[in-house]
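As structure tokens, one chain now follows by itself in the form predicted alone.
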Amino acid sequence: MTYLEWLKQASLSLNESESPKRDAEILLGFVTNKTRTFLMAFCETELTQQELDLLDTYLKRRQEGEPIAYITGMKEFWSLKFQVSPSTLIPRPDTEKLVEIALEYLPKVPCEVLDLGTGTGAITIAMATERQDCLFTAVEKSEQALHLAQNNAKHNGVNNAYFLLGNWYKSLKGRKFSMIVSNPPYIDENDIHLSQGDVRFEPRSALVADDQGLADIKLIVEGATKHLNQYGWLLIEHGWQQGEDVRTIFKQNNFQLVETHTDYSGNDRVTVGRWFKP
């Protein structure tokens, strides 16, 4: 069977996927270790039996709904490559919006930035590659995820970030920062989307929060008042229907210039506020 024949067959079998053709291309590229351009240019290349057996295994996993990123162990974010595992969320394009906004608000002078619940390290590492003059601290409560983030930093050549094991602010001992960023759990435990798509395979602890998904956001905003320098910025990613609630939480904690930014689909996604101690 040729590359082209397998791609056609696999695409048809992935009819429940949002992107069956792209999924098939990623799996074929992963097994053959060839680029997408190579696969298209040499589409008549015959697959070996070993390659076909591997493709069959991976295709079945994808048909059962397992995310492509978990099958390949890799995900691209901010034009960087990240190792992923079932111990972490899969970095998503919407979170690139958080990085983009954070870089806009980041002071032009060297400063310190805190990333809470770093997971794969995607936010910290993406920002650190853009602002090598700044020092980044990333906190993660999962030891397995923390090791993954450290490896991702190393593989992406980042040496201006370090990683701490801890739950939110507990390991920081009164340290203060010019900016705090976070993509915390924000999904309500009764949300029907938890039983659909990729999130079925992702760690529930990184997705779900009490109080209709707002519990961790409240903890982060309240704690930020003790860990931000005067006029420092707090940026939090949240659900598309949570913008108003999150803005209220910011204002209740004396944040100024509170604003919610939309993602690339036009949905509320990132709320930002500036800390001002009365």
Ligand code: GLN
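Bear in mind the structure is a predicted one, so any value in this text is a computation, not a measurement. Note that residue numbering follows the sequence shown and begins at 1.
Beyond what is shown, the protein has a form predicted together with glutamine (GLN); the following relates to that form.
For this session: With heavy atoms only and a cut-off of 4.5 Å, decide whether Tyr186 touches glutamine (GLN) in the predicted complex.
Result: Answer yes; at least one heavy atom of Tyr186 falls within 4.5 Å of glutamine (GLN) in the predicted complex.
For this session: Please check if Arg92 has a heavy atom lying within 4.5 Å of any heavy atom of glutamine (GLN) in the predicted complex.
Result: Yes, Arg92 is a contact residue.
Exercise. Heavy atoms within 4.5 Å of glutamine (GLN) in the predicted complex: does Ile71 have any?
Worked result: So Ile71 does not count as contacting glutamine (GLN).
Exercise. Taking heavy atoms only, is Ala206 within 4.5 angstroms of glutamine (GLN) in the predicted complex?
Worked result: Close contact exists here: in the predicted complex, Ala206 approaches glutamine (GLN) to within 4.5 Å, heavy atoms only.
For this session: Among 206 to 214, 25 to 33, 244 to 252, 54 to 62, mark the stretch whose residues have heavy atoms within 4.5 Å of glutamine (GLN) in the predicted complex.
Result: Stretch 206 to 214 is the one.
Exercise. Can you pick the one in Leu80, Val199, Leu172, Leu135 that has a heavy atom within 4.5 Å of glutamine (GLN) in the predicted complex?
Worked result: In short, Val199.
For this session: Select from 233 to 270 the residues with a non-hydrogen atom within 4.5 Å of glutamine (GLN) in the predicted complex and write them out in sequence order.
Result: Glu237, Arg269, in sequence order.
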